[in-house]
Ligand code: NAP
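Here we start with a single chain on its own, the form predicted alone, put down as structure tokens.
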Amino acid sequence: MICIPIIANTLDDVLRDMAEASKVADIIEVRLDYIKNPDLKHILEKRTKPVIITNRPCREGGKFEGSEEERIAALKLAIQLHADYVDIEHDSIQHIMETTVHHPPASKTKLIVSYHNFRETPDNLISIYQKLSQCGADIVKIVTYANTITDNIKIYRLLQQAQAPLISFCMGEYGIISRILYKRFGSYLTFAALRKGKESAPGQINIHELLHVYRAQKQEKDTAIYGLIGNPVSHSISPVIHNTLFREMNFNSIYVPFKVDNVADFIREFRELDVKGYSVTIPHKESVLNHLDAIDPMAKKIGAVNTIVNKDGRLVGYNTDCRAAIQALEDINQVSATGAKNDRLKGRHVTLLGAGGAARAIAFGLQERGAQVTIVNRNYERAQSLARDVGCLYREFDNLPEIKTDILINATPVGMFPSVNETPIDKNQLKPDMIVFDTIYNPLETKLLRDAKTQGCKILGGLPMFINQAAAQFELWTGVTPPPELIRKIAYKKLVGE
């Protein structure tokens, strides 16, 4: 079930938001601690969906500043008025129980006993659950703060072991996946904000995103999980792309963002969740190789992986960046109007900015096509190392103006959303006869590309490469080739149409 919290300050706003939320939510949570002079009887009379009444104190992340007696009195009144649910903190539930010996027999109210930890996800979740289970409440709620992506696995394990109804997930950016995957994890319900700015806790996504991007209502216990490994991941349109493809092509699958700091810990812990496939982006394309069970020969040669396939428990790494980038350059028909497609890059002087995973893939592809590649990177040692692996030239960044360049490729994250006003090089180093290719797709036109246009260069954005690699990833995961035009349509709508 999906619950939308109402955090309005006035009665009129509460009733308006309840009516709006009731159109899409299964349950509504009314936060009394946000409301000035709440009319609880009127609120409950106006409900059209089951309602949770919560009156959260400041110590538990709430807004109620009155006395504990006043706070508890409001919750007791909610029970007397037959609220569907009342949420009471674990350290206060005795005040409800001692006067009701559970709740009155005539009341239909279910009690939720809740524990919140806004600092961390502790290791003793099972003992916390056992303690709360003994309180006599109908439902236990355990919500913690995720300081790393692997904290979600602690919550997953707790939910797998729980015998009684349990609401559990992680707060914060690292905990978003536990909110999205609540059915797969086994949580009694999840929370979603009515709209942006209406979040009642950190990491709470809005109901539109939960329903339309992640198709939460279609999710089942056996829904296959895919996702993006990277840091940052909030800029990525991959969840929109792949979830739309799954919907359009009738796959019972979901794709989520995994913000990963330590890729070794992530791969080890998330094997338990049996994720069926991953995309891999900055900064883990190289480091992930050491933690996989097998690597495709081309990916091994490149030394970078951007796609992982779960083959019966064995994680196999692939690289679709190489083919995607070269295809984008050849297809644009700006490189050469004559000659066979595979010869369009032959002999061209290509200056490649960057020495990370994407740069490695592109460098090997260019070298295979006979281009004259020069690697330039702020970290000279990394440029030198990549050039040695590829068998091409390398130069220091300050020497950039002296390098003969037909095609300039940016394979760094400089200029990527949200830092859209940054560029890797000064516009005066761009010449009218150059082709400038920026592998960044968000934004569609980076500052580098805008500068290149003003200098008379031909330009190529990162979207064609993104489309090519996304299609190849989807095929590796599912065995089905998605229409590139469909990916282009989805991506363009997301990047421009919103």
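One-based numbering along the sequence shown. Keep in mind the model is a prediction, meaning the values are calculated, not measured.
Only in words, not in the display: the form predicted together with this ligand, which the text now covers.
With respect to this ligand in the predicted complex, the three residues 151, 236 and 278 uniformly fall beyond 4.5 angstroms at the level of their nearest heavy atom. Only one segment in the set 61-69, 46-54, 435-443, 25-33 has residues whose heavy atoms sit within 4.5 Å of this ligand in the predicted complex; it is 435-443. Interface residue among 351, 412, 187, 307 relative to this ligand in the predicted complex, by the heavy atom within 4.5 Å criterion: 412.
Between the options 170, 373, 329, 355, the residue in contact with this ligand in the predicted complex by a heavy atom within 4.5 angstroms is 355. Taking the partner from the other structure, this ligand in the predicted complex has a heavy atom within 4.5 Å of a heavy atom of residue 359. Using a 4.5 angstroms threshold between heavy atoms, residue 416 counts as touching this ligand in the predicted complex. In the predicted complex, this ligand lies farther than 4.5 Å from every heavy atom of residue 448. The shortest heavy atom separation between residue 377 and this ligand in the predicted complex is within 4.5 Å. Residues 282, 283, 285, 286 are the members of 278-293 with a non-hydrogen atom no more than 4.5 angstroms from this ligand in the predicted complex.
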